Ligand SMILES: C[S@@+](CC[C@H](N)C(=O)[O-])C[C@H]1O[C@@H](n2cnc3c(N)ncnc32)[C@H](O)[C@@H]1O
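Read the single chain below, which is given as C-alpha cells and is the form predicted alone.
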C-alpha cells in the first residue's frame, strides 16, 4: 500500500525534540510544523514511534488533507479517502475534532459530517448496509486549521506520556513527555550527576534513568493499534523483544531526588520501582534549604511550584531565592528550571543562558537553562 504518512504530535515548543527523536529512529521525509512532526514509514515504523518516542504526545496516521470551506466540501473530501485501508468491517470508530481560524467552526457538526462520510465510504467498500462496530477501536480526528482539513487516525490510544509506571501521582505532576524533554534539552548525560531537589513523584529522575538505560518509554503499556488487523501482532512481539534486549542494566547513573513532602517521596519510590529504575535513584525527604550539591559538574533539573495559587507566592519566591543560593555553592553545576514565574531570573540571581518558551499542560512556562563550565576531557576517568 506504499508509504504511510505519520504524524508525531507534541506540546508547543517541543517540536525540535520530537524531530531529533525521529531522526535518531531513522524515519524518512521529516518535516516540522507547529505542534507536530511528520514523516513517512511503514507499519513497523508506527510501532517503533509508539514504543520509542519519549517527547511526542501521540502517533497519528495521516489519511488525507484538503481545503474545506463548506460542509459539502468536508463531506466529499472525507468520503474520497481510503478509510478501508485501516478500518475493518467490524471496526468501532469515533470522530473527534478541532477547528481553528477557519470558516467551519462548529466542531460537533464537522465530527458528524466526517462520521457520515466514513460510514458511506465503508459501506461502499464492504457492501454492507450497516456496521456492528464490535471490533477494534479507531479514533478519527478532523482538524481544520485555516480552512485546511487534516484527517487522521490515532494509533496510540491514551497519550504517550502514560508510560504505565505512574499510577499514583501528585495533584499537579509534570507529564512524562515534558520531563523527558527537559532532560533531553539539557547537557546532562549518564556520566554526570543529576539532582532534583523538588522532585515530587520523581518523574524527571525516572525519565532520566530510562534514557540512561535505554529503556523504551512505551515498553510496558498497550496501544490502540495493537488490535488492528492491518498491523501484524508478530511485529509487535518482535519489537518488544528487541526493546527488552536493548536495555542496559549495567548503566548506573547517579540520580538524586529530594522533597519536603514525605508522601511525595513514597510515591516517587513506588513509581521508580514500577519503572524498573529504583536501584539507580536515591530519594530523601529534605527541604530545599538543607539540600547540598554532591560532586562536580552535575545538573540540577527541576519543576518547582509556580506560585499559581493564592497565598503561595511569597513561599515560592523564597524557594527560588534558596535555589539560587544553593547553586552558588558550586559553580561547576548547570541548572535547568521550568516555571511560569516571569521574574524567576531576578529571584534566582542570574540571567539564563537560554530561555525556551513551552506549555506545561495549559500553563505558559519558560524553561530556564543556566550553564556551568564544560567538564575537563579527563574528568570522567578520574571520577
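Residue numbers count along the first chain shown, from 1. These numbers were taken from a predicted model, which means no experiment stands behind them.
Here the subject shifts to the form predicted in complex with the named molecule, a form of this protein not shown in this document.
- Note on contacts: among 288, 81, 224, 251, the single residue with a heavy atom within 4.5 Å of the named molecule in the predicted complex is 288.
- In summary, among the residues 303, 156, 186, 141, the only one with a non-hydrogen atom within 4.5 Å of the named molecule in the predicted complex is 303.
- Contact check for residue 160: no non-hydrogen atom falls within 4.5 Å of the named molecule in the predicted complex.
- When contacts are judged by a 4.5 Å heavy atom cut-off, residue 281 does not count as touching the named molecule in the predicted complex.
- The shortest heavy atom separation between residue 174 and the named molecule in the predicted complex is within 4.5 Å.
- Not displayed here, the named molecule is approached by residue 261 to within 4.5 Å at the level of heavy atoms in the predicted complex.
- Per the 4.5 Å heavy atom criterion, the named molecule in the predicted complex is contacted by stretch 252-260, the sole one of 129-137, 252-260, 116-124, 94-102.
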